[in-house]
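Okay, here we've got a single chain as structure tokens, the form predicted on its own, with questions on binding and movement later.
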């Protein structure tokens, strides 16, 4: 006998968790199945909606100004502007004052660890003092044990990009004994706990020691950017103390994986799932389904057996080519669980362009959806009456080129979750 719920969500990233929350808020009994750890821990934690036009030109000052130029198969074109706004509104409600940007439609320009600026619609409060639109003299601080962030190089790249402020970079030892391959979470916890550090003199706390080392290089800078590791559970307290000691604003620069801003976002969404009563199961893959024009059950592979799960509505949030929600081989591109149609050129040489920076067709591979996020077959008919697709498993857009990944996830997830609950 199948384990049964109203709505079953397959996938636990930003799109899957948001869809589950939206469905639960609509009154549905929801279960979320996640095979692997969320990809949020590898993400910057920034929420992008649309950063460039379809040709990759930008940044766009207002993401909504670029919607009319998008192709008709783009999820934004299918769902409409209101879906994007509803997705952002749900996100704002869930994250509260931990994220900023809801006061305006305009993109903010956030400096990244590579020395570029990223147009983004929502950003962690910890990054806010570092926005590139502020003409404030800036010092970037890197650490010898954090090899992913070369502060002097990032500063040089920002200057070359023409940011409206003076920026310098310096690399310092992090207080305490940390190897070059130490995870950023270890340093964050050291700042959380303000552990004692013994150098040449009496023991002092990690925060005071760090501030003293940075102060020697401040030289008039009015704000200081650190890699995003300034505490985990007590990040706001850490930043405030460092700012107090330095007499300058302190901000975090988003990093690559493992990403503390991404982990913090994941923690916040997991707490929201719990609060909304969503049942969460992880560690076992969904490998198949039963049904014809409706999905009746899905099959979860466990040790030594396969277990059926049933639901009135199913939401697919398994990711794109990177997340393996879409698979490719010499014989073609496919969606592996339900066998949904993935539009693709017949000739494999038409999947890509030769130029590294060219528009790449494969980047738009994924499921085409209708206005209710239901996947469409090769004749533009609905694949399954009760199956909806959200996030990167959807096609018709190039998230990396457009800088639209989070916005598509939120828009599709909010529509799919609400429609699923309404159909019960």
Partner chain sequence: MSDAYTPDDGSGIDATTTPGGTEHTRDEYEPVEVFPTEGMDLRPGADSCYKCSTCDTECPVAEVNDEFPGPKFQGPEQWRLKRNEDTDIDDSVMKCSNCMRCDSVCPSSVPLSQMHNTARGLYVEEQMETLSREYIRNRILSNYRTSAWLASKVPRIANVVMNFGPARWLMERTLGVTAEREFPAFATWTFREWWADRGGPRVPNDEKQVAYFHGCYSNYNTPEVGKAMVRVFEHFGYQILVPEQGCSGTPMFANGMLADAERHAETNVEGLVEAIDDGAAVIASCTSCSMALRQEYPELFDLKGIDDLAANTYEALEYLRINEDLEAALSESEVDSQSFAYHAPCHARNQGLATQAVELFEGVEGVTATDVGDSCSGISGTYGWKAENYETSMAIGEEMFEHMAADEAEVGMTECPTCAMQMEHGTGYEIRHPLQVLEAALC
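What you are looking at is a predicted structure, and each value in this text was computed from that prediction instead of being measured. Numbering follows the first chain given and starts at 1.
Below: the form predicted together with the partner chain, not depicted.
- Residue 280 belongs to the set of residues with a heavy atom inside 4.5 Å of the partner chain in the predicted bound form.
- Interface membership of residue 37, defined by any non-hydrogen atom within 4.5 Å of the partner chain in the predicted bound form, is confirmed.
- Put simply, residue 143 is far from the partner chain in the predicted bound form: not one heavy atom of it is within 4.5 Å.
- When contacts are judged by a 4.5 Å heavy atom cut-off, residue 177 counts as touching the partner chain in the predicted bound form.
- The stretch that touches the partner chain in the predicted bound form, counting heavy atoms within 4.5 Å, is 40 to 48, out of 387 to 395, 65 to 73, 354 to 362, 40 to 48.
- Between the partner chain and the residues 324, 98, 106, 294, the one pair within 4.5 Å by heavy atoms in the predicted bound form involves 324.
- Shown without its partner, this chain lists 334, 213, 234, 198 as candidates; in the predicted bound form, only 334 has a non-hydrogen atom within 4.5 angstroms of the partner chain.
- Contacts to the partner chain in the predicted bound form (heavy atom within 4.5 Å) from stretch 291 to 308: 302, 303, 304, 305, 307.
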